[in-house]
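Single chain ahead, written as structure tokens, the form predicted on its own.
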């Protein structure tokens, strides 16, 4: 198995983990297998972002029809090409952010990735904004980032991003992963979260709705009224408060997703 400290050190040889790519290699076979088993479907292609030395890739192949892995680091790419030989595996030396995802049109896919902190949000939003049939996304991120995705009302982590993600997906917190099961060890623990689509996509509606979420949290310490008055007239604001029976001093972080959608619908009802 690739996910052990002896293999990792041997495979790296004189190479060192590159901080610029956020490289921390998993060295616990049980955790890697558990992630892969929960992420995959044997009838689906799995797309992996950032395979590194291939610890997760190796397990994804056990549970997937096929695996496409995108690696930005040539050193890792060459190691993968040399050590993981499977006709069901395609490894692309490519920045996933530049990848043309249209190659997957018409195919049901799963996504699984151990995402470096510095590109977590761009990669996720590339996937969130795609029109592909992604039936499940399973990603490992820093624990504090996972907390934002799952955050509820009155939490410091609750913001427009929380609303966007929870509107689109059923967000499931799968597990916490200790920093000590990586080599080298990062400074903080990680978490595995899964995103399962809730509904058919309406990209035009979503763009307006998500822009609205952002405006409502623009001045986080201000009341919702103070945020709304930057883009709505007072008559519309009064109508919103009366129809939904909102407290005058309510703040955005006190309002749940369903209520935000109702506010948005009141605005667009004229």
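Positions refer to the first chain, counted from 1. For clarity, every value in this text was computed on a predicted model and none was experimentally measured.
The same protein also has a form predicted together with S-adenosylmethionine, omitted here; what follows describes it.
Contact annotation: S-adenosylmethionine lies within 4.5 Å of heavy atoms from the stretch 72-80 in the predicted bound form, the single such stretch among 149-157, 131-139, 100-108, 72-80.
Within this chain, residue 114 lines the site of S-adenosylmethionine in the predicted bound form, having a heavy atom no more than 4.5 Å away. Interface residue remark: residue 55 is counted as part of the site for S-adenosylmethionine in the predicted bound form, having a heavy atom within 4.5 Å. Not displayed here, S-adenosylmethionine is kept clear of residue 127 by more than 4.5 Å at the level of heavy atoms in the predicted bound form. At a distance threshold of 4.5 angstroms between non-hydrogen atoms, residue 195 is out of contact with S-adenosylmethionine in the predicted bound form.
Highlighted residues 21, 96 and 118: every one comes within 4.5 Å of S-adenosylmethionine in the predicted bound form, counting any heavy atom.
Interface residue among 49, 31, 61, 40 relative to S-adenosylmethionine in the predicted bound form, by the heavy atom within 4.5 Å criterion: 49. Contact with S-adenosylmethionine in the predicted bound form, defined as a heavy atom within 4.5 Å, holds for exactly one of 26, 44, 36, 216, namely 26.
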